[in-house]
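Next up: just one chain, as structure tokens, the form predicted alone.
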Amino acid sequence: MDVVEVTPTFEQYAFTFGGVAPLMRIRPGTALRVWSDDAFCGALQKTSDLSSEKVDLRFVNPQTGPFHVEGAEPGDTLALHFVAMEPARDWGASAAIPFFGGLTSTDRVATLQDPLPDTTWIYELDRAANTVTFAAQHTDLEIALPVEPMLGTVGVAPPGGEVRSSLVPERFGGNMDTPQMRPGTTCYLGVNVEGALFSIGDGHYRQGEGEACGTAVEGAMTTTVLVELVKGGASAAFPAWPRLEDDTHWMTVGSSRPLEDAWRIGQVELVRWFGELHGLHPMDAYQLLTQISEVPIANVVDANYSTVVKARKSLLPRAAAYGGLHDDLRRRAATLR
């Protein structure tokens, strides 16, 4: 299977979900190799580069896309299978941005405090060792950390003509910042508009759960993704919120504020999915998930917070979502060249 290469110019970046003309039209079954810039559009390249001076907040989280998927209509399900993610630069950047992050005053958690110091960290990439190096700013400590690439932002256009910032996670996907969005994962998103109009970006060379300071090891990324479409209808299971599947887990993502509402959304959606996968009554699915679910926090810093609700496949009877699409995409991924 051939791969379509896509490298946008700055003028082609999308900074919203919705309200942007498609960058390209593709057919279901297409494999894309997509370059995306880091969350700062490359503005932070050394520790002396400060976000308050270098980062234009109108142009953060640039997305590559949107892609118009031929035949996609509201009520369909878009499947994006992530085959590979490769750092596209030899460094990544992270920053403590004034009044942004999980452990500082913000515009929504307002206190009579000065902002934490505007600080930038640069993580040098060692491709041979597959590590990035944390270098402390105030001591001599350096630690080589494994590269664990992921995408912070994956989403489709919202319904109702809405236009949402690429900083926002919601039911259309968006800036979920979950480390589960990694190679080997299939993401299912409900289609809201003709063509789906999906975009991806916000590459992270690694990130802890929660993305505590608000920025991961942000880096330009080359992502290989297989695109497929599940047509709607009585037999189709439309995902009201993002669903993720890999070889070991069923997962749902909820995004809201406060954090417990994001958790509730994810729980309800996995209860619903278990009804589809296993024919379970909601009360039985509720009881089962109470005993087996895992709930990593994706982020506690975006416009909405995000949690992932996971269930190990090994604890459950074998089931196939969307006709076994994940396994089929895994097989197709092995044929890419």
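Bear in mind that the values here come from a model prediction, so they are computed numbers and not experimental data. Start at 1 with the first residue shown and count on from there.
As for the form predicted together with another copy of the chain, it is not shown, yet the points below apply to it.
All of 67, 156 and 302 with a heavy atom within 4.5 Å of another copy of the chain in the model of the complex | Result no, not one residue of the spot touches another copy of the chain.
Considering another copy of the chain in the model of the complex, which of 227, 200, 230, 265 comes within 4.5 Å of it through any heavy atom?
-> None of the others qualify; the residue that does is 265.
Do residue 34 and another copy of the chain come within 4.5 Å of each other in the model of the complex, heavy atoms counted?
-> Result no; residue 34 lies far from another copy of the chain in the model of the complex.
Residue 288 near another copy of the chain in the model of the complex, any heavy atom under 4.5 Å?
-> Answer yes; at least one heavy atom of residue 288 falls within 4.5 Å of another copy of the chain in the model of the complex.
According to a 4.5 angstroms non-hydrogen atom cut-off, is residue 211 in contact with another copy of the chain in the model of the complex?
-> Flag for residue 211 set to yes.
Hey, in the model of the complex, does residue 123 get a heavy atom within 4.5 angstroms of another copy of the chain?
-> Yes, residue 123 sits close enough to another copy of the chain in the model of the complex that at least one of its heavy atoms falls within 4.5 Å.
Of 182-190, 140-148, 242-250, 80-88, which is the one stretch near another copy of the chain in the model of the complex, taking non-hydrogen atoms within 4.5 angstroms as near?
-> Partner-contacting stretch among the options: 140-148.
Partner contacts in the model of the complex for 143-176 (non-hydrogen atom within 4.5 angstroms of another copy of the chain) = Those in contact are 143, 145, 146, 160, 161, 162, 163, 164, 165, 168, 170, 171.
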